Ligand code: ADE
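One chain follows as structure tokens, the form predicted alone.
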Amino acid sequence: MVLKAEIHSHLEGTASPALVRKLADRHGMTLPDSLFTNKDSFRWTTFLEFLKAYDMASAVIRTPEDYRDVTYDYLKRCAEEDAIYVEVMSSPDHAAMAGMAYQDHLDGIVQGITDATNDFGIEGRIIVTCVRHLGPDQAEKVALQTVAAPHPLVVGFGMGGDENAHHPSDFAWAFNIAHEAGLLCNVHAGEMAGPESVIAALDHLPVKRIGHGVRSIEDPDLVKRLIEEDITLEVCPGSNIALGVFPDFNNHSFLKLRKAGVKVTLNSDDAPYFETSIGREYLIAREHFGLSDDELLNLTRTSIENSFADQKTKLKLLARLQST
């Protein structure tokens, strides 16, 4: 058994097709048949189609109870695969689209984490994210909402969405609001766009981690910078292959980045959309990257050490690793 940790997972994107249908039924909503495949997975082909499917499925999450159920269900699945720590990225913008206030969405997530911790012993934390393609003004609103309602389980601020929309500098004000309030920051970069996306993020945003960042390998100077500035990459191999960032695992940059000395971690991103899980990501690392159990455990340690959790929680989790 290898204990696991995940620091890059979009909460709304963790809901399985079965749970999405259940929540739709709860609210009397009819989902289009085009949302699902014959194999009961989410249907999409391109990245933009994935974002549309994601938005459509997320629209069924409409109440604090829904957010509680999505959070609890995901942490339960992670715990069943021996995960002891998970950071979920929540999207107040998706909650607002479904008619929910920020505090209501937060209350539901907190309840889900609390219940899962009590039932399964798994620790969970929240990174509030803005959506890049909704623009910098909306990102600022999300940042202001986040800092106006602090909670000990909310430990970070980040940004997802279409990486090719806007420039990172456009979001500097939003990130600085969160950073000055004591939240640690991450941002998606170097996935659907090249290394220049990562460079721009590092130049303009107060980030300690990069979501994905796998295309950093294309720029040797950037690789050196990631090491020098102690930046951790939240790598999601299964997602990268599903989205065509790399043609296959043999061509993935994970091992090259790791060998160069960059801090890399394993994560599932939007697990049901890519037919993966945190357990499968560790299996990929074992079968395709040739990592031993000790090396996998070291990746878990890297995730915990570079998580946004408080120091007391980190030490408690690291002690659990030591005891295995």
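Residues carry their position along the shown sequence, with the first being 1. If you're wondering where the values come from, they're calculated on a predicted model, not measured in any experiment.
The same protein also has a form predicted in complex with adenine, omitted here; what follows describes it.
- Comparing 256-264, 288-296, 51-59, 32-40 against adenine in the model of the complex, the single stretch with non-hydrogen atoms within 4.5 angstroms of it is 51-59.
- For the three marked residues, Gly161, His188 and His212, a heavy atom of each sits within 4.5 Å of adenine in the model of the complex.
- Residue-level contacts in the model of the complex: of Met97, Ile177, Leu243, Ile217, one residue has a heavy atom within 4.5 Å of adenine, and it is Leu243.
- With a 4.5 Å cutoff on heavy atoms, Trp44 does not count as touching adenine in the model of the complex; it lies far away.
- Within 4.5 Å of some heavy atom of adenine in the model of the complex lies at least one heavy atom of Asp270.
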